[in-house]
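Starting off, we have a lone chain in the form predicted on its own, written out as structure tokens.
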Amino acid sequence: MTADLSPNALTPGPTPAVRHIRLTSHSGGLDARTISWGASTAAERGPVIGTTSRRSDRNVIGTHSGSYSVYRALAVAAGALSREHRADLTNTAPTDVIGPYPQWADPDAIVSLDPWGAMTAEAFADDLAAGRDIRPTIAVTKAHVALPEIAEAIAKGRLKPDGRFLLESGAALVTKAAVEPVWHLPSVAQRFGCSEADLRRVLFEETGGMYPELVTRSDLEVFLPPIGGQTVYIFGDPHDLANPSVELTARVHDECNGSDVFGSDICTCRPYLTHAIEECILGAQRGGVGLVAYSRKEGRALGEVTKFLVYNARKRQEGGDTADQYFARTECVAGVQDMRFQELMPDVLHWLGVRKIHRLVSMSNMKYDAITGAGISVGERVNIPDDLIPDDARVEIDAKMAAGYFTPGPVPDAAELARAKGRGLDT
């Protein structure tokens, strides 16, 4: 189905060509490849095609790059990017080959990313040669990671440069991977215990009708949601992640821009992250491997605006900022304590072939339960040392310990939780 709309509003430039808008319908493209989720090989599974250059090839709902797809649209609208551009994938192959692992062929193990997403040029060479515009959804590269906390750990003798995992400059050598979300809707619905029909309808309604195919194209089972992805940092040999006999130190970390980047002291996010990186380096130097999986779920997946509103509510409440009201203040504003549902989080661990985490640097019960519930065993749990907890973050830690988060020490009692420990807004 097509509709004629004013071309001047759609095509930039002084003399726009007449174009039509293609509306969604129930018919698929004749040339679209079938996706068989959970197949044991890339050829059997088929490529994920979310590009818009040749729409008859599309076999998913949505488009690549998650939330960045909107910026791509702006670039096209502004005339800075040709809508016909195709990526030149020369020399973009992964620096380290990940998998394939048995989990890739388990349709219940990986439901929110494409395990073959880094192998596009190799696995789907024939499709590319046939003119299908297929883009990788995973990229793997090498990097140096330099943090002042690591330099401080070297200065204090907790870490020692070895030239292999850690340089004299304080930079750690890592393999890192960027992962875009690719959801198999029937499997995601099963993971969350709802029907696929309900999931599709709610996704359609709660995005303001952004993706009509969710309710008009039941034949399309794969959705590229407009959300942030993940970045994986590996300290040591990536292949060791799949070997349960090699000690794995790991942290799964949810984004907190204020703390992670700017060092805000109202939470323990950056201290916990840098502590985990230090532990990962030590683990690699012991002959093991370290892993940090960083997910973009800012503000408990509530967003920074909601997070800052909650900060104000906490600091202005009668009696001051107390641990016993920590979760309640979030729920008052957002309607829920936390939307970082961890059901999808273990998928990236399955992509890496992980079967056992020997040292999990996390106190989160939700993360622990999700990991072990996905069949990945966990040995030791490593909490953040007390001397790394900022004064203003004591409220958060006390509230989490009282809520059942892991701690090797005593849990604060009611009197302790009711004591104001957070700063005021003006101090």
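For every residue, the number given is its place in the sequence shown, counted from 1. All values reported here derive from a predicted model rather than from experimental measurement.
There is another form of the same protein, the form predicted in complex with another copy of the chain; it is not shown, and what comes next is about it.
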Give a yes or no on whether each residue among 156, 252 and 287 has a heavy atom within 4.5 Å of another copy of the chain in the predicted complex. no
Within 4.5 Å, heavy atoms only, one stretch in 211 to 219, 278 to 286, 100 to 108, 347 to 355 touches another copy of the chain in the predicted complex. Which? 211 to 219
Flag residue 186 as yes or no: does it have a non-hydrogen atom within 4.5 angstroms of any non-hydrogen atom of another copy of the chain in the predicted complex? no
4.5 Å heavy atom contact, residue 265 and another copy of the chain in the predicted complex: yes
Although the partner isn't part of this model, could you tell me whether residue 298 comes within 4.5 Å of another copy of the chain in the predicted complex, counting any heavy atom of the residue? yes
Test of understanding: in the predicted complex, would residue 90 fall inside 4.5 Å of another copy of the chain by heavy atoms? yes
Residues within 4.5 Å of another copy of the chain in the predicted complex, restricted to 386 to 417 and counted by heavy atom: none
